[in-house]
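Have a look below at one chain only, the form predicted alone, in structure tokens format.
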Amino acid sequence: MTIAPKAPRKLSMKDRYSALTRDLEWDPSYVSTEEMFPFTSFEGIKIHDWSKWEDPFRLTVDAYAKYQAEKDKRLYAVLDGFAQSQGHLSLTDASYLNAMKLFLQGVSPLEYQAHRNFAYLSRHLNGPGPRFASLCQSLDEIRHAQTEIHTLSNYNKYYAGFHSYLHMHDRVWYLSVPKSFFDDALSAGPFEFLIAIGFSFEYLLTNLLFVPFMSGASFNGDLPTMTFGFSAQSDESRHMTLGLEAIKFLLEQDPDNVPIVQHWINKWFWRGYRVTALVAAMLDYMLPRKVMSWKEAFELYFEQQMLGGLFQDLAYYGIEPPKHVDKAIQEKEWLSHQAYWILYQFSHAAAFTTTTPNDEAREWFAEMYPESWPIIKTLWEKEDQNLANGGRHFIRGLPQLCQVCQIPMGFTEMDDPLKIAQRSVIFEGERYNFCSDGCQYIFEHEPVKFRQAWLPVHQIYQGNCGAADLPGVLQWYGMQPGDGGEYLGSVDNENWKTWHAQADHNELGED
């Protein structure tokens, strides 16, 4: 009697995962490990056992592709329906899109930068666990860039300021703030990059951007942005886990890693926090219909979830909350106002428009910011008088920039909110200026790196930005008439009124 061959045992999920990821590892035979992985030793980090890395993704490539394809199918169905129904006319107001212009110019290119460097890590990290996790995150990041660009491309058909965003990202003054953040991370070593992006960019920045702001997008009628935001956020939750795993892995490998990681946490907390100044302005001032104040978002997603959760976990390894975190907590009452006031004064040199807050917004600010609003409102009341007299406050000169975060020096001392905060350091005979103790701390630890910062104002003065006058610089930026300035009376504002007047006319059935 012939015995049928025994069917091969079906692999468990764990075995299948291991076979398709970690079992693809091999030992080099004709080159040394140091030659094969040359970039994981110069930062001073000590790794004794790469197999201890716990992979937070736990997805194989085929499962990952199927999972993301389902999300893309739902997203593009929303995009098609929105475009075909002229959904842009259902927004609360065209002024809402100024926030999305800033998002496209400042955030979407960072997603692509993250894709590039995680692809680099997927080759150059020694262990198969972190290499595969980096590969998956690299795929996530390029998908985010693509879906954001596709989503916002529909608005480019009708509104100014959405064109040439990549060209602008490399040149425009306010975009040097997020760009310098990533330039700093990309020029660091692989372990510092993991902390910079996995901790600062994912935990701090995307928590404060993708969750409250995407809710604001929904609240203002922007269904496509809400959809891509929450589609991306499901990936960000894995990315945050990867960042936390990276920190714990480094801390568990060797006690000598602890002070190195602590400094990186100090540095990248403040670097990420300063970038969130743009998010604060978007959330409080650029959403016509408010959903959550910057102060509320900061208290929930940073103070409660990170200080009350993440750093409680890391205390076991000897990690303390970031240096200067007390300053950030003090600033939550002021940050959005000061950041938007800077953007308001310089929007004639921007690819978005700004305007004064209306009466409803001012009532909301009075409720949300009882400490700062009595002082901040005097700025807007003075501007009301200026507008009534036929003026509009645009600063025609060039501002002093912080050497590290590259934001114009518009932040104040928290103990004296009427006094501009300014710090300075003399390094090799030259003075460098900073907006805060946090930025000064970062410079003092890496002065040779940060002295090379590409500061837009300095470049304009040196004649490296196309021309010596504003029209020439704007042309070099790639901006077109109608991209920036005052919103009321702008191309977008006038078109919005015309389209809605026509819609009302059609609904009434008038000739």
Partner chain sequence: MQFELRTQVIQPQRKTFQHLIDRYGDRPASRYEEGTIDLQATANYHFRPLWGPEKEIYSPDYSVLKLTDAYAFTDPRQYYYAPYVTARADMHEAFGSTLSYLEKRGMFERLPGQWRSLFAQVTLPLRHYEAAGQMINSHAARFGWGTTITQCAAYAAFDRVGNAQILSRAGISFAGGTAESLAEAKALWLDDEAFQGLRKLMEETLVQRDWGIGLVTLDVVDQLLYAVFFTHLDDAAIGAGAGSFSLVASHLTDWFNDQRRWVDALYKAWVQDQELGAANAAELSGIVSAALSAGEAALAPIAAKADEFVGADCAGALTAAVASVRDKFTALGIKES
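Just so we're clear, the structure is a prediction, and the values are computed from it rather than from any experiment. Numbering follows the first chain given and starts at 1.
What comes next is about the form predicted in complex with its partner chain, which is not displayed.
- Its partner chain is not drawn, but in the model of the complex it has no heavy atom within 4.5 Å of S424.
- With a 4.5 Å cutoff on heavy atoms, S90 does not count as touching its partner chain in the model of the complex; it lies far away.
- Mapping the unseen interface onto this chain, A188 counts among the residues with a heavy atom inside 4.5 Å of its partner chain in the model of the complex.
- At the 4.5 Å threshold, heavy atoms of K66 reach its partner chain in the model of the complex.
- In terms of contact with its partner chain in the model of the complex, the residue from N386, Q86, S218, S237 that brings a heavy atom within 4.5 Å is Q86.
- In terms of contact with its partner chain in the model of the complex, the residue from Y165, F210, W270, Y203 that brings a heavy atom within 4.5 Å is Y165.
- Residues placing heavy atoms within 4.5 Å of its partner chain in the model of the complex fall in a single listed stretch, namely 133-141, out of 308-316, 324-332, 433-441, 133-141.
- If you take 166-183 and check each residue for a heavy atom within 4.5 Å of its partner chain in the model of the complex, you get L166, D170, R171, S176, K179, S180, D183, in sequence order.
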